[in-house]
Every structure is written in structure tokens, then in C-alpha cells.
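Next up: just one chain, as C-alpha cells, the form predicted alone.
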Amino acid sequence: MSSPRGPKACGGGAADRPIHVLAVDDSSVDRAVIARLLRSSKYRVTTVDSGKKALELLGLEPNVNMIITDYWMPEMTGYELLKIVKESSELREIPVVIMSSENVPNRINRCLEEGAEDFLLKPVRPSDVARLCNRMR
């Protein structure tokens, strides 16, 4: 069953399929960090480097269970991606989590008001990933 060591894995979904998380960040280092943390909790992770690529992937891959995105990215911010997802009848049920290295209360509040499930401050820690288990739908 579950391992006695480390945090409880929460990536098992229906029919024991792993929960699929789309991680969006223009920084290759940050993408690698968040992917490693999510995979260590048994999530299936797909990474892309822009909001535009995230929307393209969401059009092709209907089985995304959560989106975790950086706030500041070129072309399309994580906030803009959040708004597009929440305005889409096909995508609006997917939980979106925003990440940022800047602790700006009005930005955090604006994202939460637009429908973000959570706002994580970078660097993202294992305890942040554990919190995400409760956000899955």
C-alpha cells in the first residue's frame, strides 16, 4: 500500500491512474523543480514553457486534473491563463494554482478572486505539494 517513508502519495486517481498536472513556467529550472516535487508525490506531470502552449495542450489533452502556473511569463501571464481557463466552459472545472517568487498581497487576492485554487510562493516546497492533494477534483 503506501510507503511508511516520506509524504503520503496522493497522485492515484480513479482506476489507479495518476493525477495529471500541467506545470507551466518559462524558467526551465523552476519547471524542473516543480515537476520533480509533483512526481515524487506520484503525479503524472506535463511541463510547458508558456501559457499559449498550455492552452494548445489543453485542447489536445482532455485529462488534465490540475494546472500549476507561474504568474510572470512573457506573452501570457499565469493570471491571463487563469482567466481564460475559468471563462471556458470546457476547462473551467480544472483547478488552477498560481506560483510566484513575489509576495504581493493584492496580486494574490486578485488571482484567488478570479478562481485560483491556491497561490504558492516560490520556492515551492514538498509541504505545498502535499496541500495540493486537497485541491483536486
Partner chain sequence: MSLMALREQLNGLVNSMFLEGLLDDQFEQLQMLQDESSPGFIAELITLFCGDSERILAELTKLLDQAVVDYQKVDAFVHQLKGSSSSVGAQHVKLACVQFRQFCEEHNKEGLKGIYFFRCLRALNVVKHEYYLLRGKFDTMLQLEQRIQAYESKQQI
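No experiment lies behind these values; they were computed from the predicted model shown. Numbering follows the first chain given and starts at 1.
Not pictured, yet referred to below: the form predicted in complex with the partner chain.
Peer 1: Is residue 125 close enough to the partner chain in the model of the complex to count, meaning some heavy atom within 4.5 Å?
Peer 2: Residue-level check for residue 125: yes, a contact with the partner chain.
Peer 1: In the model of the complex, does residue 104 have a heavy atom within 4.5 Å of the partner chain?
Peer 2: Close contact is absent here: in the model of the complex, residue 104 is far from the partner chain, nothing within 4.5 Å, heavy atoms only.
Peer 1: Should residue 33 be counted as a contact of the partner chain in the model of the complex, where contact means heavy atoms within 4.5 Å?
Peer 2: Residue-level check for residue 33: yes, a contact with the partner chain.
Peer 1: Would you please decide whether residue 37 lies within 4.5 angstroms of the partner chain in the model of the complex, comparing each non-hydrogen atom pair?
Peer 2: Contact check for residue 37: yes, within 4.5 Å of the partner chain in the model of the complex.
Peer 1: Give me the residue from 46, 109, 63, 28 that has a heavy atom within 4.5 Å of the partner chain in the model of the complex.
Peer 2: Checked against the cut-off, the match is 28.
Peer 1: Relative to the partner chain in the model of the complex, which residues of 61 to 81 have a heavy atom no more than 4.5 Å away?
Peer 2: Residue within 4.5 Å: 72, and no other.
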